[in-house]
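First comes one chain, alone, set out as structure tokens in the form predicted on its own.
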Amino acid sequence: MTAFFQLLFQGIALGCIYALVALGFTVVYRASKVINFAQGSLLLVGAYLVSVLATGLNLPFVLAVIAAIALLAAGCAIFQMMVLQRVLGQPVFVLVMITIGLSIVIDAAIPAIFGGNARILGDPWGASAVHVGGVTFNWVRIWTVLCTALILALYFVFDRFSRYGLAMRATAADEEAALAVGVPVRRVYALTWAIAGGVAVVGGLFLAGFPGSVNPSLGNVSLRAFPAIILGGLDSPPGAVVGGITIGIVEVMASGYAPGWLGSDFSAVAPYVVMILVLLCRPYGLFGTRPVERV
């Protein structure tokens, strides 16, 4: 049972990172129906920002994280206003291709600027851990779970009770009706990108937190998290959380318990198997909204 609880804890911690990635996808898609394929690359930028601010400029780690969140959130909002707003009204495919282009540019620029070698993150927890009943709880994973829970709680409070949260939900429900009653839809779009950038910093931080280094391959996590997004439902923030944690647990459990005849990399395939099985029963994900067609 010790091995089971060890894997379960690791799966929950990994699932929390996937939940943050999925939330970044979801907030943008829910408002604009655009899948932001640059979200994984934004995680990469967030991790490098924290590393540069904490180790390059020697800022206190907490201050470096806050500054990185502010910088990337502002950068994402500016990108939305300066680039994506100029092509509003075009087919969704055009906006999706722009996000893919942004991802390619980031993935090429990061190693060109910082090199291909790993950088020190500058985190305060290192590889320290707490041992309880034979189960090892790494501090970085403990902080991953706690900070993810806090961020998700703050987001859901903002989404449910704030003025702009209401505007985001109104835009998601019916953009034309929201415009008719005075909702600043363009500002909502920029806000969703800012939120996606902010959560990307936290996701990138904890993804790089163990063993404490930042490298250009971190952006690939978006592909690993994609089953979580589809599983929960593209337009459902609660689904992003449930899907992320579910996929994290499935991936880690498969790495520990999958029989050898399935191959050494079955843990990378298992989330997609679960996703396909769920979609066979619920084509729009566990919490996705079925589109209403009027004839």
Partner chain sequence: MTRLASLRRRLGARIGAKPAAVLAIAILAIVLPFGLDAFWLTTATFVLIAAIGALGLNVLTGYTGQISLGHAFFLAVGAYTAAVLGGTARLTAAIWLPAAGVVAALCGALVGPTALRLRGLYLAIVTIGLVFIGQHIWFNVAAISGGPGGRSFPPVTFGAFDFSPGQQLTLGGLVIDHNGLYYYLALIILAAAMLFIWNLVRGRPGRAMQAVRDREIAAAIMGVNLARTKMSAFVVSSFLAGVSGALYASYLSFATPGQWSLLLSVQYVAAIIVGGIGTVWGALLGSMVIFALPSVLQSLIPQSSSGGLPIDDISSIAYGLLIIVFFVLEPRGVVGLGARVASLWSRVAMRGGKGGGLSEETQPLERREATWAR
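Positions refer to the first chain, counted from 1. Only a predicted model underlies this, so the values are computations on that prediction, with no experimental measurement involved.
Just so it is clear, the following notes concern the form predicted in complex with the partner chain, a form of the same protein that is not shown.
Interface residue in the predicted bound form among 207, 98, 151, 194, criterion: non-hydrogen atom within 4.5 angstroms of the partner chain: If I apply the 4.5 Å criterion carefully, the residue I get is 98.
Candidate from 63, 253, 262, 70 lying within 4.5 Å of the partner chain in the predicted bound form - any heavy atom: In short, 262.
Location of the partner chain contact in the predicted bound form, chosen stretch of 53-61, 242-250, 228-236, 39-47 [non-hydrogen atom, 4.5 Å]: The contacting stretch here is 228-236.
Contact label in the predicted bound form: residue 269 to the partner chain, heavy atom within 4.5 Å: Output for residue 269 is yes: heavy atoms within 4.5 Å of the partner chain.
Residue 91, heavy atom within 4.5 angstroms of the partner chain in the predicted bound form: Yes, residue 91 sits close enough to the partner chain in the predicted bound form that at least one of its heavy atoms falls within 4.5 Å.
Residue contact check: residue 285 to the partner chain in the predicted bound form, 4.5 Å heavy atom: Yes, residue 285 sits close enough to the partner chain in the predicted bound form that at least one of its heavy atoms falls within 4.5 Å.
4.5 Å heavy atom contact, residue 12 and the partner chain in the predicted bound form: Result no; residue 12 lies far from the partner chain in the predicted bound form.
Residues of stretch 107-124 in contact with the partner chain in the predicted bound form (4.5 Å, non-hydrogen atom): Residues within 4.5 Å: 108, 109, 111, 112.
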